[in-house]
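Have a look below at one chain only, the form predicted alone, in structure tokens format.
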Amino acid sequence: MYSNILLTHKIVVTLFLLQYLIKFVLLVANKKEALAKYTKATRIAEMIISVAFLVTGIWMLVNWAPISTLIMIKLVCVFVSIPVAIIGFKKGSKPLAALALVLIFASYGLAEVNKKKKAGGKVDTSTSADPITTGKLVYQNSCINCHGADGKLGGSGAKDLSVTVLTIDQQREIIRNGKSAMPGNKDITDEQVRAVILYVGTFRH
């Protein structure tokens, strides 16, 4: 379900940005008549897109892993941008319309920065000889945000690892190539994959 919500969110966000970008271009070009016609023709679609944008975003927020400061700032940008855009286009204010677009684009820039920040905080796993310790470190690097420290968090639609009945081969396939909303881990070694499987196995003890 999460992967479907995520895909829907990405689609409506793209449509939302495209909609306001077209209106912004018409506004800046002083095409008032064309802007009025376009706004009238797309009013219902715009309402549906905006509602879908907010609903899918809120759903993912509720079902997401722990939220960072950057993500909180992103959310503020998104929620502020919508009324600013509505007022800006209604009053024909180019500065307000531009501010709304800047806030929207900035919000997704912050999301990317947040991802890179998490990636930059990875722990070195190359010095550990104990496979369980190695597995734990890799797990903390790549898995804990969604699966939780005990495998039961369920963030972003993640499965409960403490009750998994997957075979070792199935686990290896998912860890390496991902599944649904879970991304693959192409940058870890086969030894580290085996170590993660061993560590996750301790959740069922």
Ligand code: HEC
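Whichever C-alpha set is largest while still superposing within 1.5 Å between the two forms counts as the rigid core. Residues carry their position along the shown sequence, with the first being 1. Just so it is clear, the model here is predicted, and its values are computed rather than measured.
Below: the form predicted in complex with the ligand, not depicted.
Residue contact check for residue 142: one or more of its heavy atoms lie within 4.5 Å of the ligand in the model of the complex. Residue contact with the ligand in the model of the complex: residue 56 places no heavy atom within 4.5 Å of it. The ligand is not shown here, and in the model of the complex it never comes within 4.5 Å of any heavy atom of residue 13. Contact check for residue 181: a heavy atom falls within 4.5 Å of the ligand in the model of the complex. Of the residues 137, 27, 146, 49, just one reaches the ligand in the model of the complex with a heavy atom at 4.5 Å or closer; this is 146. Shown here without its partner, the chain carries 19, 22 and 37, none of which come within 4.5 Å of the ligand in the model of the complex through any heavy atom.
In the model of the complex, not one residue of 77-105 has a heavy atom within 4.5 Å of the ligand.
After superposition on the rigid core, the Cα of residue 182 moves by 2 Å or more between the shown form and the other one.
A displacement of less than 2 angstroms separates the C-alpha positions of residue 49 between the shown form and the other one, with the rigid core held in common.
Once the rigid core is overlaid between the shown form and the other one, residue 34 does not reach a Cα shift of 2 Å, moving by less than that.
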